[in-house]
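A lone chain, given as structure tokens: the form predicted on its own.
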């Protein structure tokens, strides 16, 4: 291998640090509206910069395979107890390092390779971690599950319970296969899922029901959207950085009767060390959720509805107007009257409005390529945490409309976005906010 000079190495080192600062500066003057992201509080960022991130703590608190965990154990147990309170749960595991790993914990605890799992197709809102082997999905590729899709009511953007029941009857009659696991939850999660109704079907097959709350965990902790455990879920999985506004990490939430099974799958089955600085950040985010999220969650939903209504009135084809557009942090629109989803994503990004292209239900029928889908997905959780309300959503809708409908130059709109963002610099719904939301912190 060719030796790299000290000068070249230093050049790369400085380039990386420069790019980090540029990213912070860019997001300080942009509108971050990707539905799977959020801005953590300064306290969470402090946890992520702590020495916890350099340590190991394999196993359960009090049963570690490493020394030096005196304070790490205390923090993890605090996170567990706060999680139990936030989700009214009997068992919480904060060790999964992502929502995908949390899903793998559930798949491994409740199903075996070759078992049938029901999940949403991706154009109907499903996540790639729910997907079948054919599409490279985690459930199929990693756990070897045979994934079958729910029948879907495209008009109302919900699972067709009766159609799904008939589909399962055909599956058993024609192929002799019965479901072992029903998975609910989505990456485009506009409305609550029919948990009680799917629970009834799961009971008929002696199957388990898992609810992936990655997108809506903060809403659930805030007492809005729905309550999966009380509605019949055996287990709830989640990532901790979307509406929960913590660090990028994962959790498993369940009942006491499944505790030992879930713990053993997590370690030693799927985890070694579990990113202890992120666990500390999760504890802080859960404390913030208990203190502030009843209001935060409600404001997110109010903002989503206001944004959707304003876009709709401006001529953007926001989906599901007859259902009030959304009951969550997410808004979905069909932009094919003007451009495809990828072009909309790229033009809006150049204007400082960060959203993502997304498959929508009609793409399932049209077999649209995911690289150029018909839709875009927007999330309000991050701009809400910056202190914005319904009036700001109307202004954001006007800025988006200038790009999608009126064809304004993105660079011109970017100036308006940057000026608008000047008033929204701090994180809200947290205990302390001395550092600006995207302020770069230099510690070297």
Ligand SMILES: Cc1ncc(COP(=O)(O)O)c(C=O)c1O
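The structure displayed is predicted, hence computed values, not measured ones. Numbering follows the first chain given and starts at 1.
Below, we turn to the form predicted together with this ligand, even though it does not appear here.
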The single option of 352, 99, 123, 373 touching this ligand in the predicted complex, heavy atom within 4.5 Å:
99
In the predicted complex, the residue from 239, 254, 303, 326 with a non-hydrogen atom within 4.5 Å of this ligand is 239
Would you classify residue 30 as touching this ligand in the predicted complex, given a 4.5 Å non-hydrogen atom cut-off?
no
In the predicted complex, does residue 215 have a heavy atom within 4.5 Å of this ligand?
yes
Please check if residue 95 has a heavy atom lying within 4.5 Å of any heavy atom of this ligand in the predicted complex.
no
Look up in the predicted complex whether residue 235 has a non-hydrogen atom within 4.5 angstroms of this ligand, and give yes or no.
no
Among 221 to 229, 199 to 207, 124 to 132, 151 to 159, which stretch has residues whose heavy atoms lie within 4.5 Å of this ligand in the predicted complex?
124 to 132
Any chance all of 38, 330 and 357 sit within 4.5 Å of this ligand in the predicted complex, going by non-hydrogen atoms?
no
Judged by heavy atom distances of 4.5 Å or less, which residues of 186 to 205 approach this ligand in the predicted complex?
186, 187
